[in-house]
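The chain that follows stands alone, in the form predicted alone, written as structure tokens.
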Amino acid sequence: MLKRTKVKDLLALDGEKDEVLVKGWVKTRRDAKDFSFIEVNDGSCLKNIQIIANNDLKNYDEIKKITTGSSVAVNGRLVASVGGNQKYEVVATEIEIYGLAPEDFPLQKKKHTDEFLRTIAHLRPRTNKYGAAFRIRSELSYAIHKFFQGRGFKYVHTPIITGSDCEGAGEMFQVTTLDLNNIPRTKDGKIDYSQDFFGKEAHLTVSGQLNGEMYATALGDIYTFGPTFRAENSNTPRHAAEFWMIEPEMAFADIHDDMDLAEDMVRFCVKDIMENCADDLELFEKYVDPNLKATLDNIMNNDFARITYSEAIDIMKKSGKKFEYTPEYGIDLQTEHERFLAEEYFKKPVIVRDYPKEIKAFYMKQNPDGKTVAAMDVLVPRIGELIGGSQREESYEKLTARIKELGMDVKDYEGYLDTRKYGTVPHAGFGLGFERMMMLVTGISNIRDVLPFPRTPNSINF
């Protein structure tokens, strides 16, 4: 029995073939006097394969009813194309119609807005743009694993349901099996979580970092790559309620090792996408961001700039540029500040380190000055912050004191603190928002368009 060949593999062949089987969805059908041209795409690549359907096919009357979006299986001969638009075409000997798409198929051959396509997220990967985007997403995921596996990092699956708040921000989705119409309460009127599934409050995780640190203190170098959740009511092009994070953690490492790893990883991934997704990237450069290739070349071929937070504030103060948020020591850098540094001042990625401790998380190592922590952010053109990381506080006493200082419950972090009690080591890591990386390598400006099914406030479709 003849096996199906994907369009990508057909177009890569080095000669004609007497018999092939191709299956896919119809992009267009055009009828001539004695035959029809049918463009078929199976999702394996951006390009279509052209099918020549002659009028002597036994079901030619049915073939002439094929519409955009219909699905077909085509047996035929792979021959060199007479036209100059493609390398090969298939002269059909048999066409089986799996499913005809009715005339109301929403993806007719015309330009559709991103806003409209978000309303049909289940169909939009059949468009050129979104097919390309999600092929790149697949390759970028693979590149992440190739990078870390190639360096001996161990992949750790961290919990999605958690009893602690890694960031201390409180913007977490609650997980419960309690009857919301009849919530059990204690004598003082509070919710009685002892009757809930886990016997205490539970949430969807905002980060796998704390669990990752625990494994780094046993396996050395580890990374996580999984979904994370944030109940932040923020309707911006950069935020989503469900997104994916990559979080490496290295034992026996400091902030400088952390910065080196972050830079190496970004450059590795950009190089991988440029080598393995050239056709798809060409589409984004043509229709989405004409400067995309130049941006990616710049990242791949230049060392990242490195400055302290204090130097970043001084640079912005002396720049003469009017910012919406005035750059002053002690503020958290805004997107406009990050983009200025990466796009206008350095004109390449920049790593900012040594932030004031008041604006960073509890687990970050305090520097000897007592004012700053060994934290770092990687800022890239067009996106702003791509990566946030730090050297972690390895002192049991200092970490415990910091948790108490911020009003957090030490009991929630007992396992985490044990890694400092039993054989503590210097260690460091970072978090990379996978969708931000997708936006960087595609030029897409809205996070909703790099997520297969975006989850945002008041939107949980599909």
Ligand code: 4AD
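All residue numbers are counted from 1 along the displayed sequence. Treat the numbers as computed from the prediction; the structure is a model and nothing was measured.
A second form of this protein, the form predicted together with the ligand, is not displayed here; the remarks below concern that form.
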Q.
Open or blocked? Place the ligand on this chain by superposing the surrounding C-alphas onto its site in the model of the complex, and call it blocked when 3 or more ligand atoms come within 2.4 Å of backbone or C-beta atoms.
A. open
Q | Contact test in the model of the complex: residue 388 vs the ligand, heavy atoms, 4.5 Å | A | yes
Q. Is there any non-hydrogen atom of residue 10 lying within 4.5 Å of the ligand in the model of the complex?
A. no
Q | Contact test in the model of the complex: residue 273 vs the ligand, heavy atoms, 4.5 Å | A | no
Q: Using the partner position in the model of the complex, report whether residue 254 sits within 4.5 Å of the ligand, counting heavy atoms only.
A: no
**Q.** Interface stretch in the model of the complex with the ligand - options 291-299, 343-351, 226-234, 71-79, non-hydrogen atom within 4.5 Å
**A.** 226-234
Q) Of these, 88, 362, 304, 243, which has a heavy atom no more than 4.5 Å from the ligand in the model of the complex? A) 243
**Q.** 145, 157, 238, 317 - the one with a heavy atom within 4.5 Å of the ligand in the model of the complex
**A.** 238
(Q) in the model of the complex, does each of 163, 211 and 420 have a heavy atom within 4.5 Å of the ligand? (A) no
